[in-house]
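To begin, one chain is listed below as structure tokens, in the form predicted alone.
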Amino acid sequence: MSRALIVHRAGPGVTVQDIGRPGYLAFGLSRGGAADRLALWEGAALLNQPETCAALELAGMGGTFEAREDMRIALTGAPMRATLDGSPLVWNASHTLPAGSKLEVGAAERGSYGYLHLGGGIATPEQLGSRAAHLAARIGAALAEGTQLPVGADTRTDTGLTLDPLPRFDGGTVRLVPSLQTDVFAQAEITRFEATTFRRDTRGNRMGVRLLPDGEGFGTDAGLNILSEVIVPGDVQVTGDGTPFVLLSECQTTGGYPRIGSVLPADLPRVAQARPGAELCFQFVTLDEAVEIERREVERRRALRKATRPLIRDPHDMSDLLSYRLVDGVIAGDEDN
């Protein structure tokens, strides 16, 4: 295994993830895959490779990594402090990871999930058509010290690109559509739900996150007498104490709690990336509005490659050239660059 990434140290939630394995709901297996799927598209744009390539998902904390041969990497998702042999690396950018050098990725500074992408993608064996670890289903596992991950062939050499990520790391407004059980909630409860500010609880994982309202919980006339049926990522279940849970990529496939709505896929990364204490609000949209929002989101993702730009500007265009320190392809400038 000549082309590999060596894991010298890894946080407890570092896993291999891709876009997941749809099509297995009938067998009791949810889609899984990256908690923030948009980050996969951003990494693919920075490395100019398919968004289906598997990457490392860093849940709150990164680790120490070494390449056995020169590789291209990209860093996306929740910003984390990253250094290459002690020199800082810019997040939301692509870089060269020379053979034998040490990449250190620390804790998330904002958001919850960071991503380390490699040119050629991680080439671990596929299981049910995906390389993604699905911890709830015991497919794959969190990475351990000493793991050597095979990396696919990479025919490209370009690095030094950056992009502006969609803001999604500090909470905000989340759009959702009515679900099959929205009508079991009184209109007054739905109106209050939209007017409520929620805080992301400390309890949460890749299955879902708990949201704490700034007032009392939400009840229904039907109580918990709901037949168990199919549920998917984005569904907002309200438990017996009136607390909403937003389901994420590793959610169960059936459930009997009433669903007050379902978060649009375009906004689900905002929920996944909200760190404990972040404030979230909900806004219902119509199905037609949701279709248009998703159409625009698809167009925006497809345009990400054109939205990348060189990390280092042309020196002829840099009036602030003296504020830059250029060492071995690593950039250290002021906070505005």
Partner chain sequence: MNDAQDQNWPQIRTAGYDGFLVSFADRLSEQANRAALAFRDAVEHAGWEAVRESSTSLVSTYLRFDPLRRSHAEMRADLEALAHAQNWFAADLPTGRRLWHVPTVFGGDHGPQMAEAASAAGLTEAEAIEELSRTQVRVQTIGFAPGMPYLGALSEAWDIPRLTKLTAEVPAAGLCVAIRQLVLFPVATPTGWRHIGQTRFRLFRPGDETPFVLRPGDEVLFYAVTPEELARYDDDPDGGATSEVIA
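Residue numbers count along the first chain shown, from 1. In this text, all values refer to a predicted model and were calculated from it rather than measured experimentally.
What follows is about the form predicted together with the partner chain, which we do not show.
Of the stretches 79 to 87, 253 to 261, 107 to 115, 94 to 102, only 253 to 261 has residues with a heavy atom within 4.5 Å of the partner chain in the predicted complex. Remark: D221 does not count among the residues lining the partner chain in the predicted complex, judged by a heavy atom distance of 4.5 Å or less.
At the 4.5 Å threshold, heavy atoms of L29 reach the partner chain in the predicted complex. The partner chain in the predicted complex comes within 4.5 Å of no heavy atom belonging to S130. Taking non-hydrogen atoms only, A307 never approaches the partner chain to within 4.5 angstroms in the predicted complex.
With the partner omitted from this view, the residue of L211, L247, I122, V177 that lies near the partner chain in the predicted complex is V177 [heavy atom within 4.5 Å]. Proximity to the partner chain in the predicted complex, defined as a heavy atom within 4.5 Å, singles out one entry of A142, L166, A186, A137, which is A137. The candidate spot formed by G11, G60 and V271 is out of contact with the partner chain in the predicted complex: none of the three has a heavy atom within 4.5 Å. Although the partner chain is not shown here, in the predicted complex the stretch 10 to 26 places heavy atoms of P22, G23, Y24, L25, A26 within 4.5 Å of it, in sequence order.
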